[in-house]
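One chain is shown next in structure tokens, namely the form predicted on its own.
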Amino acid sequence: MRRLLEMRILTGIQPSGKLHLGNYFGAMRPMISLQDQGEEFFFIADYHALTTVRDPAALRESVRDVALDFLACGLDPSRTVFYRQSDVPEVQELAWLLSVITPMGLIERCHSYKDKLAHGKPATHGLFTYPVLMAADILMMQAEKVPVGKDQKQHLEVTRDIAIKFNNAYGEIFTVPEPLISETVAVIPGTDGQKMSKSYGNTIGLFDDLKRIRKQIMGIKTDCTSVEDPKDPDTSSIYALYRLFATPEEAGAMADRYRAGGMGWGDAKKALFEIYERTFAPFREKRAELEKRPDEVEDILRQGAARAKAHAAATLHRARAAVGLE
């Protein structure tokens, strides 16, 4: 098997609202760390966002914000092919070629569709066939490794099934991708102790106004343990967030303070805000500079799209020829 260093890695993110610390630790930081481990493709999934976003201005703003956030946090467009999904329209044609060989039962079994309906999303064709478009995104670039959370693993299994079915019918056209699942990042707790999610209204913003972020952190729910009493760091949302930012030495020292007693929840929250501010200060500065140069950010996305389209054109040519369209 080829080493990971030689592998092509692909991942994407929907521009469906402001990013938060859950996005950063769960997806952004792991994705950025992969830049040194393979040939990486990363796209802003604005086609996918259309399944839930109906405001054109909001979609454009979200795409811009995602680009700024990732570039500020360390995405390097010289090492990562960074592009907007809609700038590679070939993916839509490939999605159709895949859809005609995709069994209905395969899509009907996807839990994500049922979950979104349960949360009040309208039952649209786009929402239902989302996994086929996701397969086109992955197979178009001949990705070998796809970083996915456990909740997205089923969609990658669908991609694998579609690739195998197409290859069996028409020859070896597509690379069958493998999941790259990180076990190092646990669920990121929100301000109420549940998983941090926009749908729960419990997020801590990535680049919100500092006063707002401080208010969010100071509003994290805690129990009624008194200042004097020892506290268990392993059951504290504040500590769970703190150690994501901290060095092992800092995390150990904070855990010792918890267990020793004499530290109130307010002090723990202040320590969390301070380590957030220290970590994100250079990112905030870089983002502010990039925000003054919107044309530069747009150029980065378009240059990334040009590189992505070169790969897309080659794959689409092979797929079209295989089915008899060329």
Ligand code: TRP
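Worth saying up front: this structure is predicted, and the values here are computed from it rather than measured. For every residue, the number given is its place in the sequence shown, counted from 1.
Below, we refer to the form predicted together with the ligand, which is not included among the displayed structures.
- With the partner omitted from this view, the residue of Ala271, Leu68, Leu59, Ala45 that lies near the ligand in the predicted bound form is Ala45 [heavy atom within 4.5 Å].
- Out of the listed residues Ile204, Met134, Ile162, Met140, Met134 is the one that sits within 4.5 Å of the ligand in the predicted bound form by at least one heavy atom.
- The chain is drawn here without the ligand; in the predicted bound form, the stretch among 209-217, 126-134, 167-175, 229-237 whose residues come within 4.5 Å of it by any heavy atom is 126-134.
- With a 4.5 Å cutoff on heavy atoms, Gly304 does not count as touching the ligand in the predicted bound form; it lies far away.
- Shown alone here, Val148 lies within 4.5 Å of the ligand in the predicted bound form, counting heavy atoms only.
- Shown alone here, Thr315 lies farther than 4.5 Å from the ligand in the predicted bound form, counting heavy atoms only.
- Although the partner is absent here, Ala308 is not a contact residue: none of its heavy atoms lies within 4.5 angstroms of the ligand in the predicted bound form.
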